[in-house]
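Just the one chain here, the form predicted alone, laid out as structure tokens.
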């Protein structure tokens, strides 16, 4: 067995902060009372657990510095929404808060959450309290805890999909910390003045919480919309006819890495066992305990559960999970290959009602000169009472729509300039992008703001080879941390330095195989030209039924690079 933490390793500064924070309280109440525009580094690290990150506008930073001004600080606030399911009333409440406290936009994340951007420090507590008044929370939307629990967003009124949502909500509630710090800081004005409160015992997380974040996803073999294997803990529900027999459990997924640090890498979760229908929460708690007890607390770059699994092996992991469960974990059951269904456009729910999957470019719900998307969605939710569901593909499903309302809803969207799914190419429909610049402090280059031109140029290259209708997943990130899951799709474009990207290919559309790095530094304006020789080879050399990612994996990096080199020489 490889030691995850050397016995003499010194805990990181963040670990020491958590231990001394009195259950995540720290001196946050004093920092709020002090006013100003930002918090200390310790405050920054503790606020993550409460669902918010301090950011600044990187576009204006240099100019403001030259003018002798401080950076334009604000906060990103993330709402924890298990399974992405909202009521119409909750969505409208969040929409109103975007104007009241944020930058007039909502952003759907790849974890079925909603983010607000541009929230000022002086508005932070009122904003978070207002979110709670809508019967939602930001607690543990970030930080070294279990993040938002995701699953298939499909509002199919079947026992299978309704069980997935119920499981996601049950896990989300059961895995919250015991600390009352969140409620004291943001919801209870009387408690905010009590700076002497001691930390409550944390039976699940322990006094230092987890070494790093912990992500959970649930799915079905026929519905891997949540990319379950990219998570620390994945549960795939298995049915015989309409009877749930249990869950295949996989652990150790995670996509973050650091450029030029070979000890960090993306990894898909490994199947380790099977549990019965009533053992899901216990299995998740066992995986959390495994991370808590064996994760690396000295080096945050190596602190995810995936490294514990990789360093020690599946059999060791199964033995540790069995110890925590108190019984021998059964081996995983056989299951079909995971599939990725189409959720955009109109679909029958199975109860006489319909849902409409509306594409949201990069997940951003905003009114622009080109389209009044936010206004259109507000009108539809208000008028028809449609309940929105957020998807891991950064889109939105308008659920519970009566048949006679379908034409009216489409008319509203078209009148406001909203592009519907049938107007988009498959590549555009399945493209993901993280926010990156100007707000993310980790971004090395652009993602959301280059998504549209990058998709258009790659689409044009596909069309030139008769591949315009090919279903290909494209994921774009501004850094290697993997928020848009770039290593688990057909094509990953990963920020390397300003204006340059690492190019990954060879994964698969269903999220069951990792891609590999083909090139390290490709200029933004050369991405499509670099991919085009691969598209040409794919059009001429693919096997019957072969998809683009598996084709690239079959050929391998050397042959793919030869194709690119030959094209350049011919030009």
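Numbering follows the first chain given and starts at 1. Please read these numbers as outputs of a predicted model, since none were measured by experiment.
There is also a form predicted together with siroheme (SRM); it is not shown, and the following applies to it.
- Task: Choose from 428-436, 408-416, 452-460, 331-339 the stretch whose residues reach within 4.5 Å of siroheme (SRM) in the model of the complex, heavy atoms counted.
- Result: Only one stretch passes the 4.5 Å heavy-atom test: 428-436.
- Item | Contact assignment for siroheme (SRM) in the model of the complex, among 320, 156, 111, 372, heavy atom within 4.5 Å | Looking at the other structure, the residue within range turns out to be 111.
- Query: Considering siroheme (SRM) in the model of the complex, which of 325, 298, 130, 442 comes within 4.5 Å of it through any heavy atom?
  - Reply: Checking each option against siroheme (SRM) in the model of the complex, the one that comes within 4.5 Å is 442.
- Item | is_contact(residue 55, siroheme (SRM)) in the model of the complex, heavy atom dist at most 4.5 Å | Answer yes; at least one heavy atom of residue 55 falls within 4.5 Å of siroheme (SRM) in the model of the complex.
- Query: Taking the shortest heavy atom distance, is residue 291 within 4.5 Å of siroheme (SRM) in the model of the complex?
  - Reply: Outside the cut-off, so no.
- Message: Is it the case that residue 230, even though its partner is missing from this view, gets within 4.5 Å of siroheme (SRM) in the model of the complex, heavy atoms only?
- Response: Judged by the heavy-atom cut-off of 4.5 Å, residue 230 is in contact with siroheme (SRM) in the model of the complex.
- Query: Does the 4.5 Å heavy atom contact test between residue 251 and siroheme (SRM) in the model of the complex come out positive?
  - Reply: Contact with siroheme (SRM), no.
- Item | Residues from 295-313 in contact with siroheme (SRM) (non-hydrogen atom within 4.5 Å) in the model of the complex | Only a single residue, 304, comes within 4.5 Å of the partner.
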